[in-house]
Structure formats: structure tokens, C-alpha cells
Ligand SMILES: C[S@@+](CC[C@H](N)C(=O)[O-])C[C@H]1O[C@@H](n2cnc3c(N)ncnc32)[C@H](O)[C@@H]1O
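The chain below stands alone and is given as C-alpha cells, in the form predicted on its own.
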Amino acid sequence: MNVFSQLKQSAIDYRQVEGLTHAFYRYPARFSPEFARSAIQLFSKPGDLVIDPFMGGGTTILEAFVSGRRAYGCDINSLAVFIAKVKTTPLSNGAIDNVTAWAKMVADCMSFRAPTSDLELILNDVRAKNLSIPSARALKKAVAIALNLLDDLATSPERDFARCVILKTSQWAFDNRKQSTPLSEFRERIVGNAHEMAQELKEYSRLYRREKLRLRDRTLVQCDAADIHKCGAFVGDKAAMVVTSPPYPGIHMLYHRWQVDGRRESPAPYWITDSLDGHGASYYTFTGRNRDDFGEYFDKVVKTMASVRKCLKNGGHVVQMVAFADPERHLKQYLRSMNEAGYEEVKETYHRIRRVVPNRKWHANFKGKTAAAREVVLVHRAV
């Protein structure tokens, strides 16, 4: 099997995202760990530096790190940085067990009748917008109770892990649900998630210790990818490759909001993770959701990928998974932008890899709400 056959097999892997800490959060537009792992193994070697300038939930970072590469991830979204940090930070078994015991205690404390006097600083109507509707009100209070009890955990890594448990449970309870979630189910789920995530983090932590990994070989930064070349990490230390999934032209995706009770958007993930927000959708996706002129989008592709090029060795590979609302037109424009930014497509030995992704939550400007999308894998070389 040649290099590109292996990459294709991993790209069309439709198994549920699992293994290590990959299932800690369902980040939009994530690709499979198998795809990231395959690309990293095919185009880099242990000790090399691997970059993801749009790291999202940190799939590339985690797979590069556990494969013995040095990993550098950046994202403009503070939520992405939080998630990637928790997913790649090992804890002792004792610390992990502290969080599972804490989750059980928290679940027992969750009651709609609990007094609100201790929660006034946490029950923020702006940061928890649209969670005050009748179907969500009890769960909003349950989340506030959990956040209020975080200080019962002794260390910051334990508290971050606990926040991620709350985050995952709340995403299940609120985001894109057709029916409201009973408080009793929420209590059961937060305990169940804590135990499942504990086992996954213990597996990752064992691997971390066995392979003698070092956190200093994993760098996570919140910044615009167009500024990645300004980071001191790349002075005299160019990357061997990039594995990433950039924003998609013409396809609206909610990287920064949950949809509650139909289409009501809530910034609740930032409330739960104590991360900074305050920007509209276009800040995270290059352009707004209602634009028909994509000139600004492709200008940003050139600027961003030119910045990435400055961090990449000559001949280094860029493996991307991208989708287009208008594939016939936008793919050609995207390839021209990549050429302008300093790359050539590697196409001598492979046909572009395409895959259908079912049940992806997004909106296409031209087609309205869609149930699936076609993605294409592009392989480029820095010139």
C-alpha cells in the first residue's frame, strides 16, 4: 500500500471518535484521530515538529505528541485552547479519582430548590444566554452549582478536568437537543461522564509516563493563525509538516456557540470553561455566514498560509481536510490561494481524497441546513 492509499483509508474511516482523550468534547469539524495519526506517521518522523494552526479540539496535537513528535497548536478560539490543554495534560491516578469523587458529590448537590444566594456571581445571564428558557432553567442552575464547587478540588489541573466533565455533560444536555433534558438524567450523566473520562485520562497518562513524554514538547497558543510566524518557537526550528482543517468557505459552522431549544445560540461553553469570548461568528470563520462574495475569505487563506509557510521547512508537507459550499468554484480558488502562499499541490501519485461526513452540524449558504457534507483532503508541499 503506497503513502496515499494509507492516507485515503484513514480519511474515510467512519468509526466513532474514540481512544485516549479524543472524546472529551465534540468540537465542530473535527477529523478522526486515525486520519491525523496516519498523516503524521507518513510525512514526519519522531522528534519532528508538527503544526496545527487551526487546532480546534486538539486532535492533531494529541496524536503528534503521543507519536513522539513535538506539537505546536494555535487557535483564535480560547475554548479550543482550553480543550486541547485538558486533553493533553496528564494527571496522577489519585488526582483523577479526586475528580470522579467530586462529580458524585456534585450530582448529589444538584437541586432546583438549592438556594441561589451562593450562586449569584456564577449565574451570569450574559455568559449563559438562552439557558434561562423554561426547558433549560433547572440545568443552568445545576451547572452553576457544579461550577461553584470547583474550589473543593485542590489543584488547577483537577479543576480544569472537572470543568471539562461539566462541559461535555452540558453539551450533551443543551446543544442541538430536540427534547429538554430532565435534571435526573443530567445528574446521572455527569457521574457517568466523569468515570468514562477518568479511564480515558488514565490511559493517556500511562502512555505519557511510559513513553517519557514531556509537556514542554507540546505548545498551545491562542492567536490568529495569520500571526503564527511571529511566535519565537519557530526561530531556527522549522516544522516538518502541518495537519489541519481550516474554516470552510460558504459553510457556516458554530465554533463558538451551542444551539439551545432549536436555533437559540448560547455562549455557555465559555461560561463553563471560564474562557474569553465576545466575538461574532466571522471572527472564527474568516467571513460572516451570509456573504456571497468570498474574496475576503481567500485573501485570509493567502495571508494565513503564508504565515504558516514561514514556520515550515522547504519541502515540508501540509495535509488539510476542507469542504466547500460550491466545490466546483471554490476548490479552484483555494488551490490558487495555496499557490500564492508558497505551496504546490502534491498530485503526481494521488487522486484527491474525498469523503462524505454524515450528521455534521452546519449550514451552507447556498443550500440551507444540510445533513452531510463532502470533504476533500489536500496534500501540498512547501516550495
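Start at 1 and count along the sequence shown; that's the residue number. If you're wondering where the values come from, they're calculated on a predicted model, not measured in any experiment.
Just so it is clear, the following notes concern the form predicted together with the named molecule, a form of the same protein that is not shown.
Student: Looking at heavy atoms inside 4.5 Å, which stretch does the named molecule contact in the predicted bound form, given the options 311-319, 43-51, 329-337, 57-65?
Tutor: After filtering at 4.5 Å, what remains is 57-65.
Student: May I ask you to state whether residue 223 is within 4.5 Å of the named molecule in the predicted bound form, using heavy atom distances?
Tutor: Heavy-atom contact with the named molecule at 4.5 Å: present for residue 223.
Student: Whether residue 172 contacts the named molecule in the predicted bound form should be assessed with a 4.5 Å heavy atom distance threshold; does it?
Tutor: Contact with the named molecule, no.
Student: So in the predicted bound form, does any heavy atom of residue 266 sit within 4.5 Å of the named molecule?
Tutor: Answer no; every heavy atom of residue 266 is more than 4.5 Å from the named molecule in the predicted bound form.
Student: Though only this chain appears here, would residue 27 touch the named molecule in the predicted bound form if you measure heavy atom gaps against 4.5 Å?
Tutor: Residue-level check for residue 27: yes, a contact with the named molecule.
Student: Could you tell me which one of 76, 240, 147, 198 places a heavy atom within 4.5 Å of the named molecule in the predicted bound form?
Tutor: Checked against the cut-off, the match is 76.
Student: For the named molecule, considered in the predicted bound form: do all three of 245, 255 and 283 come within 4.5 Å of it, counting heavy atoms only?
Tutor: Yes, each of 245, 255 and 283 comes within 4.5 Å of the named molecule in the predicted bound form.
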